[in-house]
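Next comes just one chain, in structure tokens: the form predicted alone.
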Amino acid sequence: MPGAESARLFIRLENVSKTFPGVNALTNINFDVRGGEIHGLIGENGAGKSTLIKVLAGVHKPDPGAVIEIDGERVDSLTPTESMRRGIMVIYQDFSLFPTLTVKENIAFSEQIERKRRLVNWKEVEEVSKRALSILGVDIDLNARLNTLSTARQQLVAIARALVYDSKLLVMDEPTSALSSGEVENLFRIMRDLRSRGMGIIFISHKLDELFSIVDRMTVLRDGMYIGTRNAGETDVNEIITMMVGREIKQEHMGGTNIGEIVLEVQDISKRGNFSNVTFNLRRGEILGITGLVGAGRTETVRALFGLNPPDSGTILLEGKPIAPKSPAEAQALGIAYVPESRQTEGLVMQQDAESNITLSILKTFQKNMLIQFPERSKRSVELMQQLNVKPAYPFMQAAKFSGGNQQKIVVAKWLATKPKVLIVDEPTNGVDVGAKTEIHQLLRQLADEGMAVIMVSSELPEILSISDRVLVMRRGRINGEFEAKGLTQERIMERAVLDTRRKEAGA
């Protein structure tokens, strides 16, 4: 970024620590952000990123001895209201918007309330909202209810609301996790424009390729401690990964060692508006990767195998016998397990503890005379948590309090408890850090090598190439390519993901 080195510091943190009962969440953190820069904040789940952001937002008060300077002024007590007044706006992953209110109400109401107006000035609400959206260069119906908008457009509404507050620092927590590649590019365009206007942006993400394409500097935290800050143009992915995890992680192909007979056969299944004429097989001990662009029909296809999206036609064979699961309960009884893409909304009961989540799918096995045998249930949940290296291995800890990677392991544990023949995992490492990602890859490979048949849906091509034995590429609801994973390249996958090879081959 031109002039970044001489840009004025907007915020400076020095010696920031935060202690919760029994936990040092942050220890002597130093961190600063300049006006007109995009600063990446990186670290594994549990590294302290969220706690640091909540200190900036005034949600958490740091331990004594911390120094916080905003625009050159020392701030002794930072509350959420004071943080916003000084120009700091945090856009969390859930956006913190009101789904049943209109776009203009979400953008401008908070500012109207803060001015303590007894009556709403609707003309001003409309003008303020229009102005904020025009700065972003987007056109959204101001009268549309928020819950009718796509995730990408809801995110733009959240950014527009930040502009209403005349924000000087915008914090974006995993802003691209639910966006398509085109939506990500549009978001990056807006971020660059805001940077050119002098706004500082903190960008939190686990996607290192995106970080390197958009940030000016990046700061790495590990285990609640400051590891270092690097200029994006003066470092590389390997150095950042080493800083994040304290060790070097090598990407290599982990092929199967014990692939056996066919377990699952899918023959010409179709569902109107979802997928057409899908045919493939899956072998014992094999990881079958399924990839393609967003909307290609990947998730719809695997949900059909689990009884969540039954096909209109075609045949599914499990161990040579026709099956037609109409519900997850039927699929589970047949020996099929499914780890969904959204662990928080579909995979876990977030307010329940780890033990309750893990044993939910096999609760009947602990019943005796209509009573739950709690010691046996606790023993089984602890065994699975230890097997999957869930940290901390506290079965009575609420699922919402685990990091993203450990939440994902708990979902996998829940389905491993059923001892499935076929395990389907949809975007297994979405939103988890690079260290947890490696652990999940190794776990899936281990399960396959022990004889389980695994289907992995992923849009991350390095992940597909790393642990798959075979790869299916979907395009517009159809299988558009099938490859052995060893020696396969990302370029070849993308060619099948974006080009209609049937037309190309017909023309040849």
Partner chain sequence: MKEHFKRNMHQYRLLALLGILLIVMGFLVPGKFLTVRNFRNMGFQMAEFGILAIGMSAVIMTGGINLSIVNSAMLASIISSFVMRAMYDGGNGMAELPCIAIGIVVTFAVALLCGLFNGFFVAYIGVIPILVTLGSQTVFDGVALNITRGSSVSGFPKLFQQIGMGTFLGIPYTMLVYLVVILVAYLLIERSYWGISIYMVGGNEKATRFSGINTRKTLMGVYVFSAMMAAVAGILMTSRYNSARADYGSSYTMQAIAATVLGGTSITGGSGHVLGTVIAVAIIQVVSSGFNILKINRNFTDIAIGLILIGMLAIKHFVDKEKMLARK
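Remember, predicted model here, so these are calculated numbers, not experimental data. Residue numbers count along the first chain shown, from 1.
Missing here is the form predicted together with its partner chain; even so, the following discussion is about that form.
Heavy atoms within 4.5 Å of its partner chain in the model of the complex belong, among the stretches 364-372, 130-138, 184-192, 421-429, to residues of 364-372. Exactly one listed residue, out of N231, T345, S213, Q386, brings a non-hydrogen atom to within 4.5 Å of its partner chain in the model of the complex: T345. In terms of contact with its partner chain in the model of the complex, the residue from R217, R284, R303, H206 that brings a heavy atom within 4.5 Å is R303. Residue contact check for Q154: none of its heavy atoms lie within 4.5 Å of its partner chain in the model of the complex. Taking the partner from elsewhere, K437 is found to have every heavy atom lying beyond 4.5 Å of its partner chain in the model of the complex. Y226 falls outside the set of residues with a heavy atom inside 4.5 Å of its partner chain in the model of the complex. By the criterion of a heavy atom within 4.5 Å, E265 is excluded from the residues contacting its partner chain in the model of the complex. Using a 4.5 Å cut-off to its partner chain in the model of the complex, not one of H441, E460 and M494 places a heavy atom inside that distance. Contact residues in stretch 313-329 (any heavy atom within 4.5 Å of its partner chain, taken in the model of the complex) are P328, A329.
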